[in-house]
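As structure tokens, the next two blocks hold two forms of the same chain, structure 1 and structure 2.
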Structure 1
């Protein structure tokens, strides 16, 4: 069972994020990065399948040097990954999900795989479209927001549960090879000890540039379909109103306030 997992380094959530003066991106100087939370669950699911059926797990990341993706890859190796491919170029931070998917396509199309996993979305941009776009480019079936996976290698199918709105789930059968976007909570990601991370420092990371994929900056920038017009931190407006009186009076006052706000009709 050969599984390719697409992973992305994202800023640590507990850091204070500020917007650049030009309003086109966040200030990335001195930020620390970690593996995207959804991708971490996808990685764990791939490792579980490898332990059950054998095979190989390959991680692929498309990133800039500024995000320090190598530490993330070392952590993946410490958890049990077999191979890592890293596409590095500063221009990759300027791409939208569609353009990133096309870069990933040029890497993954030449790899052997039964399954491709991505996280449902990324913590930093929340596009939630990279997985589906990559599947379309590869011409393989896909299912999104996966909360359970059962693979039958002999049958060449996977039975998965998809999370729907309202607490519902949908069970579908998908022919392999296929791509799934993995939801958090599907498993319990394992911990990579510092000792194992240090041991993983000896592992080889295949680092490739855009030219190795037959691409250049002008080409991939031309793939973009969405553009940032302005990035800003919205102003938070808070108002607290205390209602006093007897229960009947407070209930009456609350109903009147809700009507004034347009929540209830008169």
Structure 2
């Protein structure tokens, strides 16, 4: 079972994220990046399949230098990934989801795979379209928001659960090779030990440039279909009453407010 996993370094969600003065991007200086949360579950699912059926796990990332993708890739290696392919170019930060999918297509089309995994969505852009677009470009079937995978290599199919709304799921049978977008909670991702990360420092990362894919900056910028007009912090619609002070003061103020509003039993 050969699995290709597309992973993306995104800003750590706990950081303060602010908009650049010109409103065309976020302020990226000093931001820390990590593997996108959904991609981390996708990676774990690939490693679990490898442990069960054998085969190879390849991660692919398409990133600018400033996202420090190498650190993310080292972690992937430390967890048991066999090969990593990194397309590195600063122009890649300028792309929208569709253009990124097309770059990924140029990388993945020449790889051998039974399955491709992506996360359902990325924390930063939130498009939730890269996986399905990539599958469509490759001409392979896909299923989204996957919470369970059972592969039957003999039959050439996978039976998967898709998460719907309100706690409902549906079971779908998909012909292989296929692409699945993986939902958080499908497994419990392993941690990479520091020792293993250090050992992974020696492993080779296949770094390729756009020209190795027969592409150039002009071409891929031309694939974009959306263009940023401006970014801004959303206006707050609700007036929030902030309680301040020491913990005791805050707690007693809260008790008082809740009593006034009649939501406490006594």
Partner chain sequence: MTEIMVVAEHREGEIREISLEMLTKAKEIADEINAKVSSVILGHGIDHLVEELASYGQDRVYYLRNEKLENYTIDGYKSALTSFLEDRKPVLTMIGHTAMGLDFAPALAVSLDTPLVTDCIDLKFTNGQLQVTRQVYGGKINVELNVQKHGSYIATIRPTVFKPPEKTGLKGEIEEVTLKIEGEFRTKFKGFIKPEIEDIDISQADVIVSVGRGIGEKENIKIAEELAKVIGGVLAASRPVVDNGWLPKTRQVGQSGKTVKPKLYLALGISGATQHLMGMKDSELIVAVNKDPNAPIFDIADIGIVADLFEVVPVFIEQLRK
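Rigid core (definition): largest C-alpha set, two forms, superposition within 1.5 Å. Residue numbers count along the first chain shown, from 1. Because the structure is predicted, anything quoted here is derived from the model rather than measured.
- In this comparison the chain labelled structure 2 is the form predicted together with the partner chain, and the other chain is not.
- The hinge between the rigid parts that move between structures 1 and 2 is at 239; the other choices in 154, 30, 166, 239 are more than 12 positions from any hinge.
- Domain motion between structures 1 and 2: the smaller of two rigid parts turns 90° against the larger, based on C-alpha superpositions.
- When the core is overlaid, the C-alpha of residue 258 ends up 18.9 Å from its other position between structures 1 and 2.
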